[in-house]
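The chain that follows stands alone, in the form predicted alone, written as structure tokens.
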């Protein structure tokens, strides 16, 4: 049963000292378990000259070497199919692959206990987002062997709501069933959530009149860090929209935005600190960063035993977590803006770091532009430059294109500190490159610098 009307479990409200005690106990236990049972981790720690006995306090985690996807890829190629990360070949009940958007898919197996923990955490996060027993919740995904859709479905079941799978349906069928069946919440990427709203409009369906959706769990793409997209979703669906962040290699959700925080301009996501230990690292040096800084998210899963994830570098960009007040009553640390982007999405132009999520926020804040866009990197003389390729909406006259471009140039200059070029293209030029109206990640950024 939920602990309060807003909080799923009591541990989310414990004093900071007690939360850190729990983390240390579980960290010491996990490191010893991995050392004793995973050949990968024993070899890694022996090569680094560390043992479980070196972990006396939480900050000692920095003594352990980090793990990243290239290391996992290597051991899985050498020793198919899971590499030598496995701690057991028995009691494995779930099999996952990563999406493989930035390289080969990695394979992961969960034990029964791992899966129970994931189901529990999804229930906790979804309850925090506003899902309640008796709700009807649609999972808008095709159900590949990926953690997110399945974890969400089991979490919905765990908290006493009704999961509605929608694998194999096209968008029109999803939208129609969502309205006809009185669905009160759903899980989808921000891009697909907006696409469903567009399809509903094309079908002549008025979401503001017919939709009963109260809660949208947003996954797979930055949302809290992109206020313009968040506002657009809220306007179209008249629902609370909350980030939920997890990943196959460590489980999850690692963090979620509670329903109280959705009222914030840039919401902060609560960390599930009893299950995860979070560090933020300098992407180049691996140095642990301090308050107010921004870097790469590094996660240690404290209760994932089948294939442990200890100091796993995610390539996600976040701010260092902070202890700040939240009206929901949770005492867990929060990350303002949740995931801002990927380290691979960071563009360095004229010595300034620019994230595609920042550019997305600026493009989607202009009502006369289609929400899809491209970033083209070119060389002009001795310097690199960014060209933002955008589509005006179909009803905008071509004579208005130059003013739109100047407005966007000014907004980027004000927000980021550099001058970009803006290239307007006819409607359908960019959005037509996508699937289900959503542009592919591989076509979002085009680097033409190597060709010059």
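Numbering follows the first chain given and starts at 1. Keep in mind that what you see is a predicted model, and the values were worked out from it rather than measured.
As for the form predicted in complex with another copy of the chain, it is not shown, yet the points below apply to it.
Original post:
Pick from 275-283, 354-362, 160-168, 327-335: which stretch has a heavy atom within 4.5 Å of another copy of the chain in the model of the complex?
Top reply: Selected stretch: 160-168.
Original post:
Should the three residues 81, 107 and 145 be counted as contacting another copy of the chain in the model of the complex, with contact defined as a heavy atom within 4.5 Å for each?
Top reply: Heavy-atom distance to another copy of the chain in the model of the complex: all three under 4.5 Å.
**OP:** Report the residue, out of 342, 94, 214, 319, that has at least one non-hydrogen atom within 4.5 angstroms of another copy of the chain in the model of the complex.
**Re:** Here the answer is residue option 94.
**OP:** Could you work out which of 235, 180, 265, 209 is the residue within 4.5 angstroms of another copy of the chain in the model of the complex, going by heavy atoms?
**Re:** The residue from 235, 180, 265, 209 that makes the contact is 180.
Original post:
Can residue 136 be called a contact residue for another copy of the chain in the model of the complex at 4.5 Å between heavy atoms?
Top reply: Within the cut-off, so yes.
**OP:** Report yes if any heavy atom of residue 120 sits within 4.5 Å of a heavy atom of another copy of the chain in the model of the complex; otherwise report no.
**Re:** Outside the cut-off, so no.
**OP:** Examine residue 305 and determine whether its closest non-hydrogen atom to another copy of the chain in the model of the complex is within 4.5 angstroms.
**Re:** It does not: once another copy of the chain is placed as it appears in the model of the complex, residue 305 has no heavy atom within 4.5 Å of it.
Subject >> 4.5 Å heavy atom contact, residue 112 and another copy of the chain in the model of the complex >> reply: Although another copy of the chain is absent here, residue 112 would touch it in the model of the complex, with heavy atoms inside 4.5 Å.
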